[in-house]
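Heads up, the chain below is alone and in the form predicted on its own; it's given as structure tokens.
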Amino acid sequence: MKQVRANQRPMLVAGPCSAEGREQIMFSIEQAKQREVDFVRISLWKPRTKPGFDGLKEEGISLLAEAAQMGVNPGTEILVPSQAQAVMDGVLPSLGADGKLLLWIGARNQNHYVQQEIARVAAQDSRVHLMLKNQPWHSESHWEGILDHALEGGMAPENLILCHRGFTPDVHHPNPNGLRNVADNEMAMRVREKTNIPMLLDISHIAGAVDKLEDVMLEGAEHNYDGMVIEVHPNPRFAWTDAKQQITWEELDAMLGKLPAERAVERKAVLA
């Protein structure tokens, strides 16, 4: 994967927080295709702080396959190796030689044995990219360790992506702006430079609210991230998960239009 810097528009991973059904996802795929989104988010498994809707699970894998058939690269969070394998088995036959599948390990998933085994599964096919989000607590060495475990599992560096989703606020890392998670952009840039792995910014999970998204995005643009992850829903008001931080596709267009000129040029190919 080629890194994206100031001369290219950021890589974009966009779509609903969670897949709720076929109609919602088909609409999202069409919208993503119109905008040449790099990966449409179709999350099938949803870790929850408390019990609630936790995803379509295996029943939704066919939705990722339909995205691939429509020429849109799909992506989903996975929790264990068997889920990674099931998604790959269901999607890769529909993907084609030039398509890409994005799997990601979320912030809650800090079992390093599981991280290595997921990487071992994902490494079976060069069309699979694995995105690694930072852990919830503030630790640069642990974040780098997640990457080391993925590499130990056999993932090629060019098929890895890092994602900063902020850290849980604590007494040492205050949160004066009332964000869901506190970004440490300086740490993210250090990790990127040390590892030479592209770094995305998850503006939705940092902001936690629609009215804070733009500020998080613009601050991230100052640090020259390689792209961003953002939750986009056909009707955010009725979203089953994280309704407060999701926007519509039209609102996404308006937000992207506010990026600095050097970050808003026509999108170029960012996947090798």
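Residue indices: 1-based, along the sequence shown. On a predicted model such as this, the values are computed, not experimentally measured, just so you know.
Separately, the form predicted in complex with ligand PEP exists; it is not shown, and the next lines address it.
At the 4.5 Å threshold, heavy atoms of residue 231 reach ligand PEP in the model of the complex. Within 4.5 Å of any heavy atom of ligand PEP in the model of the complex lies no heavy atom of residue 143. Taking the partner from elsewhere, residue 108 is found to have a heavy atom lying within 4.5 Å of ligand PEP in the model of the complex.
In the model of the complex, at least one heavy atom of residue 165 sits within 4.5 Å of a heavy atom of ligand PEP. With ligand PEP left out of view, the stretch that reaches within 4.5 Å of it through heavy atoms in the model of the complex is, among 50-58, 22-30, 200-208, 217-225, 200-208. Using a 4.5 Å cut-off on any heavy atom, the one residue of 80-104 that reaches ligand PEP in the model of the complex is 104.
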